[in-house]
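As structure tokens, one chain now follows by itself in the form predicted on its own.
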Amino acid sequence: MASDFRQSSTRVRCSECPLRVKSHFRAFSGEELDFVSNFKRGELNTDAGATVLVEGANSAHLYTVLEGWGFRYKILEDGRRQILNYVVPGDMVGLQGAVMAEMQHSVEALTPMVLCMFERSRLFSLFERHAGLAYDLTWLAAREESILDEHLLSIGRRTALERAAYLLAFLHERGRLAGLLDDDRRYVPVTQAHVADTLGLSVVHTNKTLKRLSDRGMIRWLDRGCDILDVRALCEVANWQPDETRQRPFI
């Protein structure tokens, strides 16, 4: 196995999962917890920059992010990249490949990540035995669609400044709810190249746009990411408000 991957047997017991104590995630019943504990086959540890899943591949596993940041993306034949969305703890990756036989996009680690690993071949048993968990998977897929709708709206109708403000406010909210960010931790680990590939802008245009947000005191751009200084102002510029107030599921 490549040096940027380290597969291990189960290190974090599902009964002691750090995500379970976060108020943003719904609680499992005892029966559901037993099933997920048996469904899990171990953990995958990746370095930053590692490709977790490759477009077109048939993966034997699907994963839930336990720690770290990552992103989903597609690449055109000439090498241009479009980042589709970002993943944080609690998000599932590889479900598309489990349903459609092969991945329609790739997934890369932004930071070192830990992912809980599940056998794709056993997914159907979840639908057979646990209607609540099956609904959770449907919810996760629907939520991903909703996020992509907002991203498409941003690329299609928002100005460059509004796009950048929306993306950074969105990442801050996702990181906050996943326990990655709080009042003392404001660092979002995206480079200007990541922002450009998400917003569909050139790196030069992205640099100028981010400087405008920085000059207004909303962000502080660092070497490989930025500190979010005023998320409320970013939301106002983007004309966007987060709406994920309910408890969300995870597997």
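Given the structure is predicted, the values throughout are model-derived calculations rather than measurements. Counting begins at 1, following the sequence as shown.
Only in words, not in the display: the form predicted in complex with a further copy of the same chain, which the text now covers.
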> in the predicted bound form, does G200 have a heavy atom within 4.5 Å of a further copy of the same chain?
Replying inline: yes
> Using 4.5 Å between non-hydrogen atoms, is L181 touching a further copy of the same chain in the predicted bound form?
Replying inline: no
>> Please tell me whether any heavy atom belonging to R72 falls inside 4.5 Å of a heavy atom of a further copy of the same chain, as the geometry stands in the predicted bound form.
In response: yes
> Might P112 be said to contact a further copy of the same chain in the predicted bound form, defining contact as any heavy atom within 4.5 Å?
Replying inline: no
> Looking at a further copy of the same chain in the predicted bound form, which residues in 145-164 have at least one heavy atom within 4.5 Å of it?
Replying inline: E145, S146, L148, D149, E150, H151, L152, L153, I155, G156, R157, R158, T159, E162
